[in-house]
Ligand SMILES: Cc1ncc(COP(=O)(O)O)c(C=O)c1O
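As a starting point, one isolated chain is supplied in structure tokens, in the form predicted on its own.
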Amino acid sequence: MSDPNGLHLDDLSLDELLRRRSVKWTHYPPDVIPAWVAEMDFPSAEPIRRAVSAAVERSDLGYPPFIEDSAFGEVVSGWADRTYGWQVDPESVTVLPDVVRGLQVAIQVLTEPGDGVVIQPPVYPPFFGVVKETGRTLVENPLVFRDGRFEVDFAGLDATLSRAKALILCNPHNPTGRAFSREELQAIAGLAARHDAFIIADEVHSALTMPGVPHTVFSTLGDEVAARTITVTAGSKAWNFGGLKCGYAVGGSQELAAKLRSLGHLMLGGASILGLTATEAAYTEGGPWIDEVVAYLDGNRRLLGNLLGKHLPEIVYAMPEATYLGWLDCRLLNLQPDPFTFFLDKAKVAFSAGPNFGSQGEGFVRFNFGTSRAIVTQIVERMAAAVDRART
């Protein structure tokens, strides 16, 4: 593919990647290809490298500024408006270390101990823990697989919201890769209004929707919807700097924004100064990088489908509309003792184990294809060879 920004996305070397110190590349032995934790392998965006390097060069590694003393709220507001037509009051932005902390604080300001909080598995594993650790009651409304894609069970959501105070909405959805349509989100909003429930919208993958697939910010569905919504997100997932620690929450009304701010710095946790620097660079200068990466990921998701169809047609793969994550249904292969362990032991490939995303993930693995096409191909070929050996 053309590479106008000089990213050389096809040129990733396993030897070079193994020199990295992130958990993705250090958790397993070097003979295992890691395709698990959600970070991409691509070179960082040049504006982010430049901004972070300049901060290091001037020894600007101290405590981050208070948000009221920085331009961060204005940067977020400008990016949200340009990208999604989302009107964000800069003063409604609350800085956090990451999205998981955002989920925690949103639950604390919107609900009381013992209240029900709905999640829609299979879903990002921390959703389960953050509900329980805040003393709330976990209520599950699993997605349903229909006509080749995962969808919201609206009858189930109606029933579960009747005994809950809030819904954690993961959109785009991890691990299925759904980017829920505006119509689906409006239906969710209607049910939330009927049951007087709040929405905690995790939209951290919003910049990773595939070409032609729009992302609808939940809070843009109307003032009444925004007034019951806290959006939790970050630039770190799309621009790949999770280790720098910076996320934020946006209260959809002045009242919700005030509730977030009332928790104070010790509870909110704040972000690192390098995380703030990287996010500002991503939102102001990172557009060309994310455009090229998304175009490459579009090719990768299609390549993965073609490779699985050729080598492992028993695996059911619903092509994701967003993210760089493939949710693979391996149940027809009957791999023992389970697909994650089988592929780790027999193929030397590490995926994310399906059951970590809820009981609905039994027999599934999550495949991180945010890497080069050569590595994606090598992973599938290893998988197929291991299955062939097991059969013979």
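The shown structure was predicted, so the numbers you read here are calculated from the model rather than taken from an experiment. Start at 1 with the first residue shown and count on from there.
There is another form of this protein, the form predicted in complex with the named molecule, and it is not shown here; the text below is about that form.
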query: Region of this chain that lies against the named molecule in the model of the complex, out of 72-80, 186-194, 230-238, 295-303 [heavy atom, 4.5 Å]; finding: 230-238
query: 4.5 Å heavy atom contact, Ala38 to the named molecule in the model of the complex; finding: yes
query: In the model of the complex, Val100 touching the named molecule (heavy atom, 4.5 Å); finding: yes
query: Residue contact check: Tyr317 to the named molecule in the model of the complex, 4.5 Å heavy atom; finding: no
query: Residue contact check: Ala226 to the named molecule in the model of the complex, 4.5 Å heavy atom; finding: no
query: Residue among Phe150, Trp289, Tyr124, Trp86 with a heavy atom within 4.5 Å of the named molecule in the model of the complex; finding: Tyr124
query: Residue (of Ala322, Val204, Ala271, Ile199) lying close to the named molecule in the model of the complex, criterion heavy atoms within 4.5 Å; finding: Val204
query: Residues in 178-199 with any heavy atom within 4.5 Å of the named molecule in the model of the complex; finding: none
